[in-house]
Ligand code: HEC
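Next up is one chain by itself, shown in structure tokens, the form predicted on its own.
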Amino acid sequence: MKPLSVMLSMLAIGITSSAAMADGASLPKVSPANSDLVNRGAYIARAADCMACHGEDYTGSNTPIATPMGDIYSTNITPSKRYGIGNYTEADLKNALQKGRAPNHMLYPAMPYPSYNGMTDEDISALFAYLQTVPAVNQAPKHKTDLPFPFNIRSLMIGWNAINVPSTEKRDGLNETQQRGEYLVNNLEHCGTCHTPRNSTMGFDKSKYLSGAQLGNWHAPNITPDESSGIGSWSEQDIVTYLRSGELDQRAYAGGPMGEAVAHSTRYLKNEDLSAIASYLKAVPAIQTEDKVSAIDVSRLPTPMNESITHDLLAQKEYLKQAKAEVGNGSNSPESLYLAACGSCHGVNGYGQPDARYAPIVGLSSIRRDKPDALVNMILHGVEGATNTSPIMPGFSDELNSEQIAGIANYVRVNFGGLASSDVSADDVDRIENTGVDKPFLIKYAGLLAIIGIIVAIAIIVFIIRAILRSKRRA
């Protein structure tokens, strides 16, 4: 994520022809020599987006998964008997996927077992068969998960699971295609992990299902069919196109967690499965949020300066050179700031450098939102590429002050978003930059509450013992 409309981010999808994408990219590591069960398992691994966390080689990631409880690191799931899951039985894998229970300890829900809880036995069997065939890598990840007290007591997850697993429920009234889409969205692709807000226990807030959520500095937008704040204006084919290619012309471009989801998972899915996802997303209850998206005014969007300027950086060099000189001489002109900081990648007129995989930003819904938070966060903090070959957008928090970042945000929203006006201020930038992760009360004060609970438990035990001793003396 894994968000459906993002900007200023770069996705390497690894496919250049529409013919190659007609029914999903060719699955890597699939051989005709393998059994049908194993090759089906390879498809399930893609549909479940295992690689986004565990890596393409399944050895685990050195990049932490940031959570309100602390950083969590994914593990080696190759068939290495020492470092991976080589000693797992199929029942062990099923327990891990559906119950969050490894043979020797409980798992944290950064591994989305609350969603995988709904996986079918047939899909788990296929996945298990496939994981036995991937190359065993006898190495442990460089980092281990080490959460602070009391979250380091993994047995507490038993209570959390009782409240929050499963994370979703099946709906009535769906046709067969939508039922398949529900299974993909809720279980395998676990879309709600990013797009559904959390409740006080950090489980899904089911009343706001798929209505968007904040993930640190990243915003996973509303993907319900609401017209003003969700994707109600998207057709089913729009959804399929976006999940297949990672972009929707002048509306959305996938990056960050969603870029990873497309790069590792959705671009590999069969057309029938993408169509099922699209059909289901159009059938879920629409939820309107405060962060509405202004309707696109195509007449206000820029046109390329010439046929080559969106692809040929050389055609733009004089504009960029002049802008950098102006900024160097102290100019705070929003246009000069944009050209100096952003133009070499996103283009003089916002159409990017598609051949070099630099994102076009013209018309994107993320810059037409009422709240500028997502845009400002990306300017401040940048965006990691979706794959090792993706361009990385740098953050500018150390190079530009709040007033300059506000100026760029306003320039982008008006000139490339088609808005009539934009009034992002330096104070808005400061607020967005200094807003931390909103931790629920139970999470924020878990350590203190645990200590109080221990003290109370000890006091109760002491009271009971004293009461027993008094009763014996009286007897």
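Here the structure is a predicted model, which means the values were calculated and not measured. For every residue, the number given is its place in the sequence shown, counted from 1.
Heads up, the form predicted together with ligand HEC isn't pictured, but that's what we're talking about next.
The shortest heavy atom separation between residue 218 and ligand HEC in the predicted bound form is within 4.5 Å. Contact annotation for residue 394: at least one heavy atom lies within 4.5 Å of ligand HEC in the predicted bound form. Using a 4.5 Å cutoff between non-hydrogen atoms, residue 234 counts as a contact of ligand HEC in the predicted bound form. At the 4.5 Å threshold, heavy atoms of residue 383 reach ligand HEC in the predicted bound form. Screening 131, 323, 263, 276 for any heavy atom within 4.5 Å of ligand HEC in the predicted bound form leaves a single hit, 131. Comment: ligand HEC is not present in this chain, but in the predicted bound form one of 412, 42, 432, 406 has a heavy atom within 4.5 Å of it, namely 412. Note on the interface: of 315-323, 103-111, 199-207, 159-167, the segment with non-hydrogen atoms within 4.5 angstroms of ligand HEC in the predicted bound form is 103-111. Taken together, the three residues 48, 195 and 361 all lie with some non-hydrogen atom within 4.5 angstroms of ligand HEC in the predicted bound form. Contacts with ligand HEC in the predicted bound form, taken as any heavy atom within 4.5 Å, map within 250-283 to 252, 253, 254, 255, 257, 258, 261, 266, 277, 281.
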